[in-house]
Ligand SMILES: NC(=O)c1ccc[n+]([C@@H]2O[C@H](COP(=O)([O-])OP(=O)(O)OC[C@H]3O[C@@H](n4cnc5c(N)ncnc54)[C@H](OP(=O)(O)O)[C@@H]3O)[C@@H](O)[C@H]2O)c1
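The chain that follows stands alone, in the form predicted alone, written as structure tokens.
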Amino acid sequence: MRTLQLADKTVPVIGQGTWRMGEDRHRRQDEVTALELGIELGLNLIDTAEMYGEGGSEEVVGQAIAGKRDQVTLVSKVYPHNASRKGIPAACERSLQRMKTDYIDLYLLHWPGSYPLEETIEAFERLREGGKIGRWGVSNFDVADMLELKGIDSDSACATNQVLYNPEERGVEYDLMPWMQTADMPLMAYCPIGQAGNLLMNPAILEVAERHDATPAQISLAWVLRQDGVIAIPKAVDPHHLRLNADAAKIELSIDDELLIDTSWPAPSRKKRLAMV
């Protein structure tokens, strides 16, 4: 598995997302088992959030990493309405309790909110100094937000920005991705294989998949990872899908493959509003 540096850790370029996990207790054991298998397959970067299942996802993660915490790089996110000087430490403590761990490797602000960024960063820094988190970062921040963040004096720098990115949602390529590349900041791509399945039924994706004897989901992942400095965090519960995700990092798309996909979703030629779900 290819790797890169994220929050002072060496992590795989494909991790495990957990959005929508923890919402149905009847599926919980399957979700736990899936995360455990993912860790065995080398997908030991796990992304979650207090928002997912209103803490249910973090509980699933806590069960999955029990006894193997040192094998995992753990990412979680705080609600913007909890991102105050007092709210962040309380939210972090709740997340730690749900995941049954004493630290989070990377703690993100889920999206820009109403609290001043200076206050949020100050709270993140206190958590870092206290050993509760390793590094901090953001999610769903556009270039203007990143520039505001960069202008704030802090003891440590933002470690990542997690954004929506896949072949049909590539607006970040216009200015946000280049800005992050210049800053040597990894981009974490959520929903890297889309949501409703339309992406995976696209004729160009299907043709490229046939060329590589791969699945459409694998091609979407390979496309997201075609540039350096990008991490994909697909969610999977089916063991077969997990194994396919792990193998997707081996696929190298040709220029012809990329040009074919471009016919369906061209690279952005102008600034677009940052897409998010």
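The structure presented is a predicted model; accordingly, all values stated were derived computationally and were not measured. Sequential numbering from 1, following the sequence displayed.
The discussion below concerns the form predicted in complex with the ligand, not included here.
Enquirer: I'd like to check something about H241: if you look in the model of the complex, is any of its heavy atoms closer than or equal to 4.5 Å to a heavy atom of the ligand?
Expert: Because a heavy atom of H241 falls inside 4.5 Å of the ligand in the model of the complex, the answer is yes.
Enquirer: Heavy atoms within 4.5 Å of the ligand in the model of the complex: does W223 have any?
Expert: Contact with the ligand, no.
Enquirer: With a 4.5 Å heavy atom cut-off, would you call E59 a contact of the ligand in the model of the complex?
Expert: No, E59 stays farther than 4.5 Å from the ligand in the model of the complex.
Enquirer: Please tell me whether any heavy atom belonging to V172 falls inside 4.5 Å of a heavy atom of the ligand, as the geometry stands in the model of the complex.
Expert: No, V172 is distant from the partner.
Enquirer: Counting only heavy atoms and a 4.5 Å cutoff, which of 37 to 45, 242 to 250, 63 to 71, 206 to 214 contacts the ligand in the model of the complex?
Expert: Answer to the contact question: 242 to 250.
Enquirer: Just to confirm, with a 4.5 Å cut-off on non-hydrogen atoms, which of M99, C191, A159, I104 contacts the ligand in the model of the complex?
Expert: Filtering the options by heavy-atom distance leaves C191.
Enquirer: Residue by residue through 227 to 264, which ones have a non-hydrogen atom no more than 4.5 angstroms from the ligand in the model of the complex?
Expert: Result: I233, P234, K235, A236, V237, D238, H241, L244, N245.
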